[in-house]
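Presented as structure tokens, the chain that follows is alone, the form predicted on its own.
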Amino acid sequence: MSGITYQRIQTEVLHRIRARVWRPGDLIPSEVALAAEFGCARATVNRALRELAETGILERRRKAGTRVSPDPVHKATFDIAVIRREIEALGGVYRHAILQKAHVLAPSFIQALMKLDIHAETLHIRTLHLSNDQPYLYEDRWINMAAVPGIRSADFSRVSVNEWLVQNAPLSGGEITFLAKNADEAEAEALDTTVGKALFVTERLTRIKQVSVTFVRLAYAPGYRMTTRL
């Protein structure tokens, strides 16, 4: 069996639902079929589907199989998007470039925000995400190395840190802030715009239980528009 996690199965199930591969009310493949597809144990699939059922996304009935819920989940939630998929869904060709990667002690404001010990090791990584070789999103991220030790051996030249975390970190909560701000020098240089240009920015702090995993600031290129569904 492969080392695939139940979180990765959940990510793929959610992707298929959002892409309308599986529509509301559709019966999805059995646990046995999904286990064979993903090359994992049936128990791993069971856990993935069980947790999605608990959120109301799926409906599970004994001997009747698992269906995509025909009714939307009536609560305000935000999924952490895989930026590559977001760009590809818009018809763009995705590429990312690592601008900086360093294992460092976090500055005091990050320590306070993430509630880290002053000696906690963090990974500071800045990434530029591009669509058709044009700047799309500038990502400035701090990661608590102790919370996700597997990140030490991750190869971010092939998979972005955003996608790696979505696939490998079982996040349980956090906070997200939306704001408009003027581009600073780093953002302006990365996004090929001018200092002071108005940008749409999100800041996100995520946790596993009570342990902070990552704090990230995402600055979108001028003209970005966010659309979501109720």
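Throughout, rigid core stands for the largest set of C-alpha atoms superposing within 1.5 Å between the two forms. Quick caveat: nothing in here was measured; it's all calculated off a predicted structure. Don't overthink the numbering: it's just position in the shown sequence, from 1.
The same protein also exists as the form predicted in complex with the DNA; that form is not shown, yet it is the one meant from here on.
Contact check for 137, 163 and 222: none of the three has a heavy atom within 4.5 Å of the DNA in the predicted complex.
The closest heavy atom approach of residue 46 to the DNA in the predicted complex falls within 4.5 Å. Proximity of residue 187 to the DNA in the predicted complex falls outside the 4.5 Å heavy atom cutoff. The DNA in the predicted complex is approached by residue 39, whose closest heavy atom lies within 4.5 angstroms of it.
Looking at residue 180, you'd find every heavy atom of it more than 4.5 angstroms from the DNA in the predicted complex. This chain is displayed alone, yet in the predicted complex one of 167, 202, 30, 193 has a heavy atom within 4.5 Å of the DNA; that residue is 30. The partner is not shown here, and in the predicted complex the stretch 114-153 never reaches within 4.5 angstroms of the DNA through any heavy atom.
Once the rigid core is overlaid between this form and the one not shown, residue 184 does not reach a Cα shift of 2 Å, moving by less than that. When two forms of a protein are overlaid on their rigid core, residues whose CA moves 2 Å or more are considered shifted, and residue 212 is not one of them between this form and the one not shown.
Relative to the superposed core, residue 39 undergoes a Cα shift of 2 Å or more between this form and the one not shown.
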